[in-house]
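In structure tokens, the next block holds one chain alone, the form predicted alone.
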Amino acid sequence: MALPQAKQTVTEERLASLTMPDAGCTRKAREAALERLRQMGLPSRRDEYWKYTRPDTLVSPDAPPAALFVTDEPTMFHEFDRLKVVFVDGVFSPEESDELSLEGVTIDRLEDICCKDIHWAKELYGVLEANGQSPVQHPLAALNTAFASDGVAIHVTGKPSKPISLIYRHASETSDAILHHVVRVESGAEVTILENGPAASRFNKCMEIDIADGGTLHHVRAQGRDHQRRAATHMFTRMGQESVYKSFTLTVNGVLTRNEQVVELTGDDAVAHVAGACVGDGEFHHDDTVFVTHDAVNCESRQVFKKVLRNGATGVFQGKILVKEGAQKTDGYQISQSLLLDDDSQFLAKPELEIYADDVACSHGSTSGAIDETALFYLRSRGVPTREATDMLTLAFLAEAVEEIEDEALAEVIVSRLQDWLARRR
């Protein structure tokens, strides 16, 4: 079916502003992604899964300017021993990065992969993104696959002694970054990947993750700092038998953030937990869109998302659990909740279950409300000032999402940053 003229025009204008890199072994995947994009078109408010979020500034030819946010606050995860991989406005910075060498893992730049005819990432680049386009389309991810100019391929064969930290720095007020990462976790291997930083004025990131039988990936991400940034991120994860995938995202600040997660459990006894906590103030729009597909026996998935909103901020959650025929013994849990600290903010939710197996335990729920007045009165009656009491109840509300982080030290850092953010806005 032909695209509507308006959508086709927007798509072609955006494509005209981009140049496909000299692609090497990823050329076929890039060209296929470009063809997919032209068939589906860039998103508009008429699309079912974009009706709550305006994509205009994410699809325009030029990135809207975003002022740099200067702060003395230490960067996220600075207290951890980690392998640092730094990108400045979407370009790898060897001067600021550590040597890309760590036991149990091999890291290559996307640029180096493109220069090789044979590389393990060739069999993965664009594959999970293409598979994830059904039943719901992700056009900005296809755009990413076609035009990503930098990124890394991470091949995990053992259990590295420290996390791999992807750091995104924002240096230009008009930067428009497109990054694509590919991760392969082999059988029995285990790794923690950290992400933090504003990245660019406009950021489009895609990460494809393939976890083999018995592999484990822990992912903790922090998005924040620059108030005027815009971002659309995509994570496509395929899981083998008895594999584990746990992902947590903290978001503060930012005019517009859309985080998409697509998880496919293809091996029996796999476990996938996807969680997020966000706190938004004023001109803030945050969208979590998650699709989890159960296609194996006795798998577990959890989606836990909490949003705290005030001064006109908007939060969106769209989450779906699809249980395919034959995926018996499925345990699927989904919860999305918002805490509205005033009457001007709003939370828009669309939870979904689609089940084609009869021996499953699946549940979903979504709630939105204000601070519990009884709990607030209790704290005030014991001498806690109103604003501090509100912060305490806010942190308690976010706790269920933060508890999804398995590493206690990382969880403590997340809580500390939330406390600092709340204290600055008292």
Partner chain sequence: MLEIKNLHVKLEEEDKQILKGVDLTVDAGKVHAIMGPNGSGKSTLSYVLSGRDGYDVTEGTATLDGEDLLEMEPEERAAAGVFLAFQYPVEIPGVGNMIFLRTAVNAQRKARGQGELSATDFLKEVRAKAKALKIDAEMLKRPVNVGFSGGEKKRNEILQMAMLEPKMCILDETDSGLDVDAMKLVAEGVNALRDEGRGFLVITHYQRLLDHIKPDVVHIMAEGRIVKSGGPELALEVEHNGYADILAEVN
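Predicted model only: the values in this text are computed from it and were never measured. Numbering follows the first chain given and starts at 1.
The next section is about a form of this same protein that is not shown, the form predicted in complex with its partner chain.
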{"query": "Sole residue of L379, C362, A32, L68 within 4.5 Å of its partner chain in the model of the complex, by heavy atom", "finding": "L379"}
{"query": "T386, L393 and A396 all contacting its partner chain in the model of the complex, non-hydrogen atom within 4.5 Å", "finding": "yes"}
{"query": "Contact test in the model of the complex: A375 vs its partner chain, heavy atoms, 4.5 Å", "finding": "yes"}
{"query": "Stretch from 47 to 55, 22 to 30, 60 to 68, 367 to 375 whose residues place a heavy atom within 4.5 Å of its partner chain in the model of the complex", "finding": "367 to 375"}
{"query": "Residues from 231 to 259 in contact with its partner chain (non-hydrogen atom within 4.5 Å) in the model of the complex", "finding": "none"}
